[in-house]
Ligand code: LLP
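Single chain ahead, by itself, as structure tokens, in the form predicted on its own.
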């Protein structure tokens, strides 16, 4: 693929130079059409049985994007009180929010309980705390309902730091501890309404996920009258799309998933609601970052192009060694990838690790060019920082009609000073 930007008509006819002249750089730019398409895809993963896709909010918490998810029929997973409140603000009712916290305080659990948000407990200790909270609040037995997160013993992901299942991860309750789940539930008169799992993030091979689904359904047979079973998320996206990496094989995955569900339903005797937790798949490809090249140089034969997209703007390459394809825009047009030169695309942060693309074959960049970093919609702005006292970037959305609108204004130095 020579240009994702051109083939997808990402800017919907808008000149990227005009966009950045209006809103500055660095700039997160979203495409509503692509976002809706990806969200629709995950909403149809299971069609034979009751199913909901719970968008994993941590991937991107912009309220305007959450509203799109709501309109596309997705429910949402939240990991904190803050995410629950953002979802309320976006219009999600409590019964379309699933609270999946990790090592949280009594105050956070009480907040979820009081607001009627279904909560999954990640450890026996947290389940015990949840039961104590229910007693302290003097909840009726009918309202003492929760879920538990099971460690499936299977993990997968694009980096070991995003593997969330298996023997070495901090997440979930081990299968051998399931009898203690029932003991704690009996002690506090809790109803275990659902179980959930998550094996990791960004995998492109469906097999580990299918193995984990098979395993969690085997474990589910130990639980009576489950209302729902959540298989987790983690579907990957082709970060190497300019090298023609293929999409996640969603159609093949769905065909292989259905017989596994058929077998479980026949054994269980009833059909619970099935859920998944897509995050990255929903939003990653629907966003690019535009950054200005402010300097070029060579050090001992190594070429560098310095931009205003530092690790404060996009931390994934520094944190996970993540790959993001890069296109070069000059005078509003994508520079063809006909002649490529090894270059290091770097940011403006005072860290040696502030590298977006290392020794990457790219069109030779010049001062004044725009670096267009692809697939930045997931774990991009949501993991931004103000390191080096640099205010966070603005976000704009290109609507289905091609209109560009601000969905988060650029932070200012004054904003940073307010907290002192």
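Small disclaimer: the values here were computed from a predicted structure and weren't measured. Positions refer to the first chain, counted from 1.
Another form exists, predicted together with this ligand; not displayed. Remarks below refer to it.
Note on the partner interface in the predicted bound form: the residue among 347, 202, 152, 291 having a heavy atom within 4.5 angstroms of this ligand is 202. Checking 58, 64, 36, 358 for any heavy atom within 4.5 Å of this ligand in the predicted bound form turns up a single hit: 58. Just one listed stretch, out of 255-263, 270-278, 337-345, 67-75, contacts this ligand in the predicted bound form at the 4.5 Å heavy atom level, and that stretch is 270-278. The putative spot formed by 233, 379 and 383 is fully lined by this ligand in the predicted bound form; each residue has a non-hydrogen atom within 4.5 angstroms of it. Although the partner is absent here, residue 144 sits far enough away that none of its heavy atoms falls within 4.5 Å of this ligand in the predicted bound form. At least one heavy atom of residue 100 is located within 4.5 Å of this ligand in the predicted bound form.
This ligand is not shown here, and in the predicted bound form it never comes within 4.5 Å of any heavy atom of residue 241. Although the partner is absent from this view, residue 88 stays clear of this ligand in the predicted bound form, with no non-hydrogen atom inside 4.5 angstroms. Contact annotation for 302-316: a single residue, 316, has a non-hydrogen atom within 4.5 angstroms of this ligand in the predicted bound form.
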